[in-house]
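First, one chain by itself: the form predicted alone, in structure tokens.
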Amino acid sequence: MSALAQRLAGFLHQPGFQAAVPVLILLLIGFFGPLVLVAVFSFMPARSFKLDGGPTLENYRFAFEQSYYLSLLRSFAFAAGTVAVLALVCYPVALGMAKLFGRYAGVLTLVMVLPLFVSENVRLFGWVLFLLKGGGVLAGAAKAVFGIELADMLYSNSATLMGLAYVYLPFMLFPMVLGLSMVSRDVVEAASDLGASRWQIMREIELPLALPGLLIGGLLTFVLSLGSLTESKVLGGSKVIMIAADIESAFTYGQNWPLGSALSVLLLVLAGGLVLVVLSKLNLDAILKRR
């Protein structure tokens, strides 16, 4: 028996691995199993569940011929825009929660977490009625009090981006808070005593040391925004079509599971490939302080 085979046999007989076997089986059945089925469906003929004629790339060809790539590109653009907006919005809030607010940081954390206990649909429709709709509460109050006609923001790119940023704000904020909590106050004070400006401290100390939290928050926000459905349907309507809406239409209204599977595979491959490329450009050992 080779050395590699001996090491593998020893690993398989370790108590830790044996204890993890039920979890591994659950992951294979509940996570990898559906992904494999979706990949198999994507090579079936349209509106069919058989591979009688062998695998086909017809669904992928049809997806590009019908310009589904436009909604895919739009989804990537919205996901990137959501990350950029939340990075700017969450950084000062996260810095305050980690370094400035002290015991009041728990209250702010509770305020940020409470919306997660309410259905996403309810929150988005609340935004529609209060802020985005031309005849909504805010528009009506502005007209009655100030005589100002507010424009209808509903069914637009800006409304969709606003909804994405609102829904996924906690997923960027809390990893960012954890990252900034790793920055020692003594290091910041030492840099300030040596004459470093606030911008230099943020660029040279806070951002590099907080990078693990920033990276995790950015990846979470990007992936979740990329596959979002409710925001585009409620806030974008028929004017803002993202790839998740096309996938849902293919599986439901179109009853074309192979096409929906092909679109899902394209989204999964492109998103996963982009994440791997980003991670490959970063020195994770240095970021996570591993030697």
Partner chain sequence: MGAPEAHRSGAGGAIPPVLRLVGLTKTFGSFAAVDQVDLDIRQGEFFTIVGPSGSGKTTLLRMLAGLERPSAGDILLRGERVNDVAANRRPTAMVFQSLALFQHKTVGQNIEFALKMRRVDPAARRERAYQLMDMLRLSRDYYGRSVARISGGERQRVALARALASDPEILFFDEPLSAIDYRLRKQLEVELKDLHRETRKTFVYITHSLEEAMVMSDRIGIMRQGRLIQIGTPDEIYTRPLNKFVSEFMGEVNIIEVEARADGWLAAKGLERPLKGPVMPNGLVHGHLVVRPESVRFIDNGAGGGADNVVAGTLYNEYALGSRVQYHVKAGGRMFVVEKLRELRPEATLGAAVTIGWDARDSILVPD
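Positions refer to the first chain, counted from 1. Just so you know, these numbers come straight off a predicted model, no measurement behind them.
Heads up, the form predicted in complex with the partner chain isn't pictured, but that's what we're talking about next.
- With a 4.5 Å cutoff on heavy atoms, Val93 does not count as touching the partner chain in the model of the complex; it lies far away.
- Contact annotation for Pro208: at least one heavy atom lies within 4.5 Å of the partner chain in the model of the complex.
- By the criterion of a heavy atom within 4.5 Å, Thr109 is excluded from the residues contacting the partner chain in the model of the complex.
- Residue contact check for Leu219: none of its heavy atoms lie within 4.5 Å of the partner chain in the model of the complex.
- This chain is displayed alone, yet in the model of the complex one of Ala190, Ala105, Leu138, Met153 has a heavy atom within 4.5 Å of the partner chain; that residue is Ala190.
- Checking Leu100, Leu194, Leu88, Val113 against the partner chain in the model of the complex, a heavy atom within 4.5 Å turns up for just one residue: Leu194.
- Residue heavy atoms within 4.5 Å of the partner chain in the model of the complex occur in exactly one stretch of 179-187, 125-133, 164-172, 77-85, and that stretch is 179-187.
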